[in-house]
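Here we start with a single chain on its own, the form predicted on its own, put down as structure tokens.
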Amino acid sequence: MTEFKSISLATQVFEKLEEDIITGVYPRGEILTELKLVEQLGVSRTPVREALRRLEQERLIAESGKGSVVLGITLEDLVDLMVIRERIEGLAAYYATKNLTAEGREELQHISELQDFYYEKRDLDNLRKMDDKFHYAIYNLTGRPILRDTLIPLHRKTQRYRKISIEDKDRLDNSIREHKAICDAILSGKADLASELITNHIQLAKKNMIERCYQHG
């Protein structure tokens, strides 16, 4: 039985199901029912029902009459997600640079050091986590809640494809260098450069994700 904290149980169930759908634990086309999820997660129907409602709002599932059919994130969805990130992530890097605090500077430096550490060990699992932390740190440092709350779900929904991409050694090497250049630009107060670099980073990531998806079917 999956263990959940008592606080915000519906949110925890939602986040668990969202991750499982995005990462392919529940493949596209699978039918999810309240009863099935209650048994799998060991929770009551109420948080499951609320989680399913939110997943439908996120267009990750759709009501089928027999239960909720998993829609997941298609390649077409990925392209749309990355195009949106291309357009606005540069703005996030710009504001993060302009609004950089001492604590934010320390956080980015720490993430950069950890990234180097895990890169030397070729620890892909922790490098994926550092990728999340790097981008989330930038979103949080913007001081713009709407921008942050728009970008975090977009980034999260690409995690399955980012996992495929990071397994490409050349892309991994380039991504590490791109992160360091973005970090250096932010820490140096070069907002326009940071914006340009992160936009290019997203464009290259999108290109690689799409190519890898076609290669792997």
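Residues carry their position along the shown sequence, with the first being 1. The term rigid core refers to the most C-alpha atoms you can superpose between the two forms while keeping them within 1.5 Å. Note that the structure is predicted; figures quoted are calculated from it, not measured.
Separately, the form predicted together with another copy of the chain exists; it is not shown, and the next lines address it.
Asker: Would all three of Ile21, Val25 and Val69 be in contact with another copy of the chain in the predicted bound form, where contact means some heavy atom lies within 4.5 Å?
Answerer: So, no: the whole triplet misses another copy of the chain.
Asker: Report the stretch among 48 to 56, 180 to 188, 35 to 43, 161 to 169 that approaches another copy of the chain in the predicted bound form to within 4.5 Å, counting heavy atoms only.
Answerer: The contacting stretch is 48 to 56.
Asker: So, in the predicted bound form, is Glu120 in contact with another copy of the chain at a 4.5 angstroms heavy atom limit?
Answerer: No, Glu120 stays farther than 4.5 Å from another copy of the chain in the predicted bound form.
Asker: Contact between Leu154 and another copy of the chain in the predicted bound form at 4.5 Å, heavy atoms?
Answerer: Residue-level check for Leu154: yes, a contact with another copy of the chain.
Asker: Using a 4.5 angstroms cut-off on non-hydrogen atoms, would Tyr139 count as touching another copy of the chain in the predicted bound form?
Answerer: The answer is no: Tyr139 has no heavy atom within 4.5 Å of another copy of the chain.
Asker: Can you tell me if Asp149 lies within 4.5 angstroms of another copy of the chain in the predicted bound form, counting non-hydrogen atoms only?
Answerer: Heavy-atom contact with another copy of the chain at 4.5 Å: present for Asp149.
Asker: Looking at Asp77, Asp116, Glu107, Asp132 here, can you tell me which has any non-hydrogen atom within 4.5 angstroms of another copy of the chain in the predicted bound form?
Answerer: For this set of options, the contacting one is Asp77.
Asker: Can you name the residues of 59 to 96 that have a heavy atom within 4.5 Å of another copy of the chain in the predicted bound form?
Answerer: Result: Arg59, Glu76, Asp77, Val79, Asp80, Leu81, Val83, Ile84, Arg87, Ile88, Leu91, Tyr95.
Asker: State yes or no: after fitting on the rigid core, is the Cα displacement of Gln57 between the shown form and the other one at least 2 Å?
Answerer: Superposed on the core, Gln57 moves its C-alpha 2 Å or more between the shown form and the other one.
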